[in-house]
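Presented below, as structure tokens, is a lone chain in the form predicted on its own.
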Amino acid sequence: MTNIVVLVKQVPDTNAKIVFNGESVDLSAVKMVTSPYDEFAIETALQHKESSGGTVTALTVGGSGADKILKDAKAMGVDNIVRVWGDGFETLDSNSFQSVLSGVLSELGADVVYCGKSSADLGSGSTGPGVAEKLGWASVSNIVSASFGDGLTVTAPADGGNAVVNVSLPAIISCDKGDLKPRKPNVRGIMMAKKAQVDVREASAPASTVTLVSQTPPPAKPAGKTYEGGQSAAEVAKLLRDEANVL
């Protein structure tokens, strides 16, 4: 029976307006959701279970507010939901974060781990490969499809086309959108998720190696330019070529 784990992360809604309060991002009025690429990872994990058997555990690192995204994953069909938290976790850098995950995955006895190719808030794309490196596992990133016959075979973009890779387990696979369409929870799944108990585990935070100095929004975009009439065509073409780099 394959022990499948899918990593999920709570992030600000991608449609939310980000506001700064001093040198920090003010998230007090922002709706929090599952990072979109993680939904493709959940779908892939569930398809793996349906094809080969086993169990699927959704795992996140976060405070009690992150229980919602775990229950959303439960409503989609995962079997178990686990949240990890501890003192000092508010300031985890990516290296420390990956160390925490690798320790918990070892405790869970995972055979294969799925995650989104990157999170919607930071977008670094380092979690899957970083955790795989710490565990000494195989890793394939940005897959667009997977099949689960006698083993695990994934398809990922490569120079000039796609690469089809047979993956030896244990492994960590990061998922892109591809042809996947995450399933919608049914009423029974939603009701079961409301009653589900989150397995909360404590862990120690490794010493951080990164210090956040400040955060600033990107510079405001300059005002647009408007041109009318055929006599402006030459100037518009020049601007598109020299400034916009689209010609």
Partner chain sequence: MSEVTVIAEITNGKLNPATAELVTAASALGGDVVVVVPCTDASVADAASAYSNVSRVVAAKSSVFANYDASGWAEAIDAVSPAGNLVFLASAQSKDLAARLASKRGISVVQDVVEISGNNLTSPIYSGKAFQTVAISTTAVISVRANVFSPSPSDGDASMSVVDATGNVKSAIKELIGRASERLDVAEANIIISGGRGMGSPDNFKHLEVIADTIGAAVGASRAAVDTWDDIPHSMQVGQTGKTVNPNLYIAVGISGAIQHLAGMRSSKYIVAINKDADAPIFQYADYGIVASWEDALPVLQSTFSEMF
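Here the structure is a predicted model, which means the values were calculated and not measured. Note that the rigid core is defined as the largest set of C-alphas that superpose within 1.5 Å between two forms. Residue numbers count along the first chain shown, from 1.
What follows is about the form predicted together with the partner chain, which we do not show.
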Ala75, Ala138, Val104, Val82 - the one with a heavy atom within 4.5 Å of the partner chain in the model of the complex: Ala138
Interface residue in the model of the complex among Gln215, Ser64, Thr55, Ser204, criterion: non-hydrogen atom within 4.5 angstroms of the partner chain: Gln215
Candidate site Ile18, Ser126 and Ala158: all three near the partner chain in the model of the complex by heavy atom within 4.5 Å: yes
Touches the partner chain in the model of the complex: Leu27 (any heavy atom, 4.5 Å): yes
Exercise: Lys184 in contact with the partner chain in the model of the complex, heavy atom 4.5 Å: no
Partner proximity in the model of the complex: Gln197 to the partner chain, non-hydrogen atom cutoff 4.5 Å: no
Contact test in the model of the complex: Gly178 vs the partner chain, heavy atoms, 4.5 Å: yes
Answer range among 67 to 75, 107 to 115, 83 to 91, 141 to 149 for contact with the partner chain, defined in the model of the complex as heavy atoms within 4.5 Å: 141 to 149
Interface residues of 218 to 246 toward the partner chain, as seen in the model of the complex [heavy atoms, 4.5 Å]: Pro218, Pro219, Lys221, Gly224, Lys225, Thr226, Tyr227, Glu228, Gly229, Gly230, Gln231, Ser232, Ala233, Ala234, Val236, Ala237, Lys238, Leu239, Leu240, Arg241, Glu243, Ala244, Val246
Residue shift check between the shown form and the other one, rigid core fit, Pro222 Cα at least 2 Å: yes
Cα displacement of Thr14 between the shown form and the other one reaching 2 Å, rigid core superposed: no
